[in-house]
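The chain that follows stands alone, in the form predicted alone, written as structure tokens.
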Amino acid sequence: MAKRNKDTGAEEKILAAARKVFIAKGMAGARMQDIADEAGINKALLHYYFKSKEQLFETIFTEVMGNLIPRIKSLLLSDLSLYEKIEQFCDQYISVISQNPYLPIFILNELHKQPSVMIAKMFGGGLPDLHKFTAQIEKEVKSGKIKPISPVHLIMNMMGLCIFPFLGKPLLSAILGIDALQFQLAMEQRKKAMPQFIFDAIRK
């Protein structure tokens, strides 16, 4: 049992180091030696636990998606109001991706290369059930509480406004003249600002 605990601790240390390296250098720029150095171990020991950086990345990806996707699924099926769902969706997505900012580009690249494989990896337990959420949007439109908007476009807006800043970070940082810390602060502020932007756009 002691050995198992020790092994688990070593793996967690390696995964924590890998996250730091992936954040700093991205998937393409990261090297196994960089990860070993960050973890304070030799490369041979790193390879004992993880054969490649792809295996490391896959482990982190599965962990992150396994945390985020069930929460989003549960949120969309909940009895919360439309505004509460939009607010929590933005908060949860931005919070998780802020800690793993290399994921959106990886997901986008993989979706273009092998869409069915990537979708299966992301939603192994089945795609999110959007019926309740789309019906909720349509009900709000019919009751006159929000402006006429297709559920498809509202969902696209929610996802696009959350995802794009991470995909466009190098360009946005250059244009806006902000560094990594300022970008991080902007994303933290965006958790509140983005839902409010959507509310202002749809509220009558």
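For clarity, a rigid core is taken as the largest C-alpha set superposing within 1.5 Å between two forms. Computed from a predicted model, the values in this text were never measured in an experiment. Counting begins at 1, following the sequence as shown.
Only in words, not in the display: the form predicted together with another copy of the chain, which the text now covers.
Asks: Of the residues I163, V64, V141, A36, which one places a heavy atom within 4.5 Å of another copy of the chain in the predicted bound form?
Replies: In short, I163.
Asks: Any chance all of G168, L171 and A174 sit within 4.5 Å of another copy of the chain in the predicted bound form, going by non-hydrogen atoms?
Replies: Yes, the whole candidate spot contacts another copy of the chain.
Asks: Is K51 one of the residues lying within 4.5 Å of another copy of the chain in the predicted bound form, judged by heavy atom distances?
Replies: Outside the cut-off, so no.
Asks: Is P115 close enough to touch another copy of the chain in the predicted bound form, meaning at least one heavy atom pair within 4.5 Å?
Replies: Looking in the predicted bound form, residue contacts with another copy of the chain include P115, since a heavy atom lies within 4.5 Å.
Asks: Does at least one non-hydrogen atom of L45 fall within 4.5 angstroms of another copy of the chain in the predicted bound form?
Replies: Although another copy of the chain is absent here, L45 would stay clear of it in the predicted bound form, with no heavy atoms inside 4.5 Å.
Asks: My question is simply whether A16 lines the interface with another copy of the chain in the predicted bound form - judged by any non-hydrogen atom within 4.5 Å.
Replies: A16: no, not in contact with another copy of the chain in the predicted bound form.
Asks: Let me know which residues along 87-122 have a heavy atom within 4.5 Å of another copy of the chain in the predicted bound form, or say none if there are none.
Replies: The stretch touches the partner through Y102, I105, L108, N109, L111, H112, K113, P115, I119, M122.
Asks: Using the rigid core as the reference frame, would you say K20 shifts its C-alpha by 2 Å or more between the shown form and the other one?
Replies: Yes.
Asks: Versus the form shown, are the CA atoms of K20 and L111 closer or farther apart in the predicted bound form, given a shift of 3 angstroms or more?
Replies: Between the C-alphas of L111 and K20, the gap narrows in the predicted bound form (3 Å or more compared with this form).
Asks: What happens to the Cα distance from K53 to V96 in the predicted bound form: does it get closer or farther than here, with a change of 3 angstroms or more?
Replies: Farther: K53 and V96 separate by 3 Å or more in the predicted bound form.
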